[in-house]
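Two versions of one and the same chain are coming, encoded as structure tokens; call them structure 1 and structure 2.
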Structure 1
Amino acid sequence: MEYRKDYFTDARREDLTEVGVTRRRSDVLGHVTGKTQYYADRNFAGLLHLKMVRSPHHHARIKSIDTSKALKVPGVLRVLTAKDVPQNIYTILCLIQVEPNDEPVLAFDKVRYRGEQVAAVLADSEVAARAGAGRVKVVYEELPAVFDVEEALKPGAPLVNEYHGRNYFTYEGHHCRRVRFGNVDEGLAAADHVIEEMYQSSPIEHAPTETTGCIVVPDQNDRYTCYSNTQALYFTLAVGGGFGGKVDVITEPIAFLSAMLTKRPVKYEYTREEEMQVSSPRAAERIYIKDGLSRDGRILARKVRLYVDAGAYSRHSPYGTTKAAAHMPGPYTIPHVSVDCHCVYTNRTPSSAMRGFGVTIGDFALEVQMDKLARLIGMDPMEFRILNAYRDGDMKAHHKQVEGAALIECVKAASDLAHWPLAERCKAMSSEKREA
């Protein structure tokens, strides 16, 4: 990639050796020549294939599981159910002290979304494992399901996740992640214009080139080696594409247990159909934004109510919801702000990370809202953003001081590149100080 030097360096920064300099990735030759080794390229003697029995229901109680016919399929070695998993309930976020544990490795009492893992079939071949999975008989009692975030919060809604006892994640005793700055009711009352809009998104699947998977191999001294395309090990690994979707730890626990119980290497990988159905998508979100605006174009108050659809389990959604709350009200200095961000459980596939999760959909909603506000008062949308942009030293709504903003300079640079005319007063403004 070529960089324009005048946009990244100036006379004061000539000592920099990286900014504005093109560097070749250390792994690029392997990628472009096809020599890079994926986890699935590895072959091990005695490799077992794992295929999962998945729930056909969005919400159902498990009455019984019969594995006898699956064990008669030639090549099937073992079938694992929840009773074989020593610590069956976990949450990924326990690594950063966010609890409670709320997701089983294998479902045992009930299933909470379509495609949930119920039983793992281990066989000498992929064909035998698939045939064995088709012979496992699970008797379900179907339960009412809820798929809408606001419906899930109403009294009497089906309880999705009993480990929370309610259909929302609790933040320090509150039913949502909250941000309070100034007095939003006073700000709205003082406004010349008040506008409220609703924005929403659907779940978005990452569609990586390489589907999620791993191989776990017994090693010496009762140790095991895991070859995985996770990006969670160092938050950098995902050769076949990750984009956040490979940050969850879903395939590895059951693959490890399978290798420990059989003393053989075990491979567990999603088919493309499984990747589309059960890998964590970007969360669906619904956002209500209510703004109070003065005649001269200053936003006086912003009230945000945001719902994040976590699906049936937490995964990274409570963290993403916190990010969403902290990102409000956008890169703008607004004296009165109120934000309620709800992390809601529904009977949909659990959502998780995807490229700036907790921020991306909110940014879309905020910037569309900014365009609507500018049109409302007949102001140029670029000038409107510059007028309301935060400056160094301003206080953000979550009570952190702005440093190194550069937003105004970015808007001016974008306007210049797009040949978008700006008023002289905007050209004179700076992120380093607020004009008198």
Structure 2
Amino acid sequence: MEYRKDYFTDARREDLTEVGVTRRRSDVLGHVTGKTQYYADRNFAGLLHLKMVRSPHHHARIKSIDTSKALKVPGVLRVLTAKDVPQNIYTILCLIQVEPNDEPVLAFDKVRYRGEQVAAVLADSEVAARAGAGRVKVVYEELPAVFDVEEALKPGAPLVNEYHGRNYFTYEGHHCRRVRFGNVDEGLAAADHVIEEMYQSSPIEHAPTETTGCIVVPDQNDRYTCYSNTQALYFTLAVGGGFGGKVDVITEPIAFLSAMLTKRPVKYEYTREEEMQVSSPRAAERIYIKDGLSRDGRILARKVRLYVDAGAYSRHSPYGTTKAAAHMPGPYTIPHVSVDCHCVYTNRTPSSAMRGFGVTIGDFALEVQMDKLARLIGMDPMEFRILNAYRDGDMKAHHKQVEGAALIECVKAASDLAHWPLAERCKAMSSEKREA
């Protein structure tokens, strides 16, 4: 098997042998002796515990919040509501150009998903904080909620997030992230077969063994130290499992404010239940793929409609949706392509980053679709992929020329390993040039 090395001529040496070899982690001595210090592995005199009062409703207007009973619980020091938050916007995402800011730190007018943060109870002990949280009285007026991405886009659907004015994220004036190449309707019309399939995934929780949390400690001169397990800051330091779920920096803003207002160290740690209910999962996606296929196995046209369920707020989903669009129509050369990727707001838990988000579910849909197409015309699915794979110099649907393609070689290598009998003509095919 010839592997393509030309793209790595400088980077690749023949004598590299690391893959498949177990190497000792640099931090593993700390792990096996229990000395690795995670954010919660420290104590501070005067530490306050923060417990969050959360919305029991998917969508509701907040009529009133009464904290008086909570404040009477021995050990409860303070209860923060939206009124205490001077700039009540969760601004983390604008740092990576995901705008507008569409999420408050503490809900003030409405709650938009079940488990949304409404009031923060600060107490000397966890027990007191929990008891206090149970005594904050919030009066809600329930609103109709929407949980389905396509329902959310229909006229008359309940408006989830007023910051956007509509139930979708707007990309440079467009209602979705789009890819256009060739003329997809002509391509479909010219095809021998047209098939359309729908793929639907569920939200997926990362479930790290260590739940999300932080401790904020006031130092001198109005400075604060934050011990946190966010991945956004410490990509490599002690985090008890992240997988993307700790990228949002979600416990820190309110913990900081609490430490500033009380001048005491504050710890805000998700319970396992909170981790499951409110930490942002991988977005559920619904993907429609409509393909036009020629009898001899060429995909002539591919039309994709993809919906990312962002939940009630953006977090990283507008970015993930763009990634989804960038990933379509898969590593295949197709002359006519149309892709619409919608980032949709619903009354579900906001979704965000998780291992290859925006790509993984799309890949699942595309490759299942490839198998179905191959079956339809009675072709070996590996041969079908090789036939349609990108070749160097082809034009991608994103109007960029293909460079460094290696799919054919990968499929061949995988077929070898799996003892999959490849069709004779595949053996002569290569990513470097298109055969006559």
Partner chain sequence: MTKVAVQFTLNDEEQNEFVDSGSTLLAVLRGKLGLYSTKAGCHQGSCGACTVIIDGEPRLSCLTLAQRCTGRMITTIEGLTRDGALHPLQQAFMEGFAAQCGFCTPGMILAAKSLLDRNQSPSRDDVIDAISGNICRCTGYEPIIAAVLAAAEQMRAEMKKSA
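Just so we're clear, the structure is a prediction, and the values are computed from it rather than from any experiment. Residue 1 is the first residue of structure 1, and the numbers go on in sequence order from there. Think of the rigid core as the biggest set of C-alphas that the two forms share within 1.5 Å after superposition.
- Each of the two structures shows the same chain on its own, and it is structure 1 that derives from the form predicted alone.
- Core-aligned CA deviation for T33 between the two structures: 2 Å or greater.
- With the core held fixed, V21 shows a CA shift of 2 Å or greater between the two structures.
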